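One chain comes next, on its own, written as structure tokens: the form predicted alone.
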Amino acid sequence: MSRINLRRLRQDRHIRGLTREHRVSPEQFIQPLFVVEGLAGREEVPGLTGVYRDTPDSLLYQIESDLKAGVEKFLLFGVPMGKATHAIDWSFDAGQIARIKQRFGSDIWLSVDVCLCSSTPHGHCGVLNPEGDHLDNRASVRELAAAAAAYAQAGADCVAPSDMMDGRIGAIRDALEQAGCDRTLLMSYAAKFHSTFYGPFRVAADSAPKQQSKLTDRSSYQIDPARPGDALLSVERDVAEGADILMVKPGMPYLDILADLSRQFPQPWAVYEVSGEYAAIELLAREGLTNRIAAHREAWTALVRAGASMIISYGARHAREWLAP
């Protein structure tokens, strides 16, 4: 008869707490924020309970509230009124960064998304070619580097390019150094997949591809879900070009990718629990089909178990409460 008894180490909360191999801490979380030019008042994002498209003024109150809840790290998405196909004006986003840092200073860590999708009339992540059926990589990288430099000079602690253009990490690193911002961190969306889980985010950031172009989706520049080798090559490229932090996006559908890559590359790993992932748990909870807090904790534990040292989550502002013993 076997003398193995695995259940002894599962029998009460005390021993379960002592024997856990992976722990999730509130300090690992980054809270996304959306600031929208021209809004009359803040708007709740469909599917994301308690997440808003903020005005410049309401954003400051939201950050104050988040600080009280224990959140100190943020990822900002700016949505300007004016749209342009090239030579984009980054002053709205840069102005919000300056206001935030002037108000909160080193009390917060502010990362800023670097992409073109919210600033272009067509909603794509780069500059379209004249035919409107492909992104011009070189022109897109020039715009991204200009945006990153503007954000860093405005006070961003970290810039986070999410576009998936080739060579943008090296170009942004060069632009940061030329702007005297060599201390600014560069967090690369290194393995960003062409996913169906981005829906609520695209409403929040006004970033869905529009009908102004022949390019109907992002499959020509985001990674195919069935090509993990492409993710490996993307990460190798971004490491060589100077990325400080690497990211996998989305999270739960790509736990295998995160686990494989985090074992191969010693850089810090972020994972983005995207809007569709978060909204799915919220919907299950509203329908009485799961325990809301327990489900979010389970998802976060899986992300850390797969190798993430930081989690970008719409529930970051609840982490201190939900992770309490």
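The first residue of the shown sequence is 1; numbering continues from there. Please read these numbers as outputs of a predicted model, since none were measured by experiment.
Although not depicted, the form predicted in complex with a small molecule is the subject of the following passage.
Of the stretches 256 to 264, 284 to 292, 56 to 64, 269 to 277, only 269 to 277 has residues with a heavy atom within 4.5 Å of the small molecule in the model of the complex. Contact annotation for F74: none of its heavy atoms lies within 4.5 Å of the small molecule in the model of the complex. Taking the partner from elsewhere, D238 is found to have every heavy atom lying beyond 4.5 Å of the small molecule in the model of the complex. Taking non-hydrogen atoms only, S162 approaches the small molecule to within 4.5 angstroms in the model of the complex.
In the model of the complex, at least one heavy atom of Q222 sits within 4.5 Å of the small molecule. At a distance of at most 4.5 angstroms from the small molecule in the model of the complex, all three residues K192, Y198 and F201 contribute at least one non-hydrogen atom. Here is the short version: of C117, L110, A154, A145, the single residue with a heavy atom within 4.5 Å of the small molecule in the model of the complex is C117. Distance criterion of 4.5 Å from any heavy atom to the small molecule in the model of the complex singles out C125 from the list C125, A175, L215, L186.
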